[in-house]
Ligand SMILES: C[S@@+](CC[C@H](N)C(=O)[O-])C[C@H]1O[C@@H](n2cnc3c(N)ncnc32)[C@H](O)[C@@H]1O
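Next up: just one chain, as structure tokens, the form predicted alone.
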């Protein structure tokens, strides 16, 4: 049955990607657009709190880049505030939706690690703990590109999981049978899920074997967590000169964990 049940190598990439799978990306879009769900974007109440937090950290006008923008929930809000906004995401369904909603925002369907958007920005934001989904090498490349794209005095704002993520997650395995289809496939499927912890690397891997009639798919999703000192040191090595850590921007949510911190780094 070609089930892969070995522990992945650290930051190993799977053959399939939940954000680009033709069916799953449509389900992700539905979750993004559900205002009461934390499943793909945070719920509307949290999004508005994050918007207000970001607006309090950046100058009142200028150019803003949203990395992993999804269907444009944040970019639209910043566009309404008068910012010149660019958004990039590799979920084609989300970008197509975003483009239909706003013609005044520059949306790019692409991988911001491999094809970082050209241009200069006064602010770059990256929300929903996306920084932790990347290997350290990809993270460092991304931070370098962000730093080089920022104007002097420009600000990077992002969130990452804290070390308390270890209290919310544990290694294990589970299975889900959907006789009439569901989130992972429109037809009958069996989903085998495994969670692995890499304490020395401060990372969790979530491995999924999706068994459908006539096909199997293999997915790995990563979550990296950080201490305050670690993320500060990484940003200083990139060149950022002023870094602040913010807790309790959100008062609880049903995301993977509500043990997150928001970081503001100024060039």
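Bear in mind the structure is a predicted one, so any value in this text is a computation, not a measurement. Residue numbers count along the first chain shown, from 1.
This next part talks about the form predicted together with the named molecule, which is not shown.
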Looking at 98 to 106, 121 to 129, 192 to 200, 162 to 170, which one sits within 4.5 Å of the named molecule in the predicted complex if you count heavy atoms only? 121 to 129
Let me test this: is every residue among 41, 69 and 111 within 4.5 Å of the named molecule in the predicted complex, going by heavy atom positions? yes
At the 4.5 Å heavy atom threshold, is residue 78 in contact with the named molecule in the predicted complex? no
Should residue 74 be classed as touching the named molecule in the predicted complex when contacts are defined as heavy atoms within 4.5 Å? yes
Taking any heavy atom pair closer than or equal to 4.5 Å as contact, tell me whether residue 116 reaches the named molecule in the predicted complex. no
How about residue 90: is it within 4.5 Å of the named molecule in the predicted complex, going by heavy atoms? yes
Just give me the single entry in 32, 51, 217, 224 that has a non-hydrogen atom within 4.5 angstroms of the named molecule in the predicted complex. 32
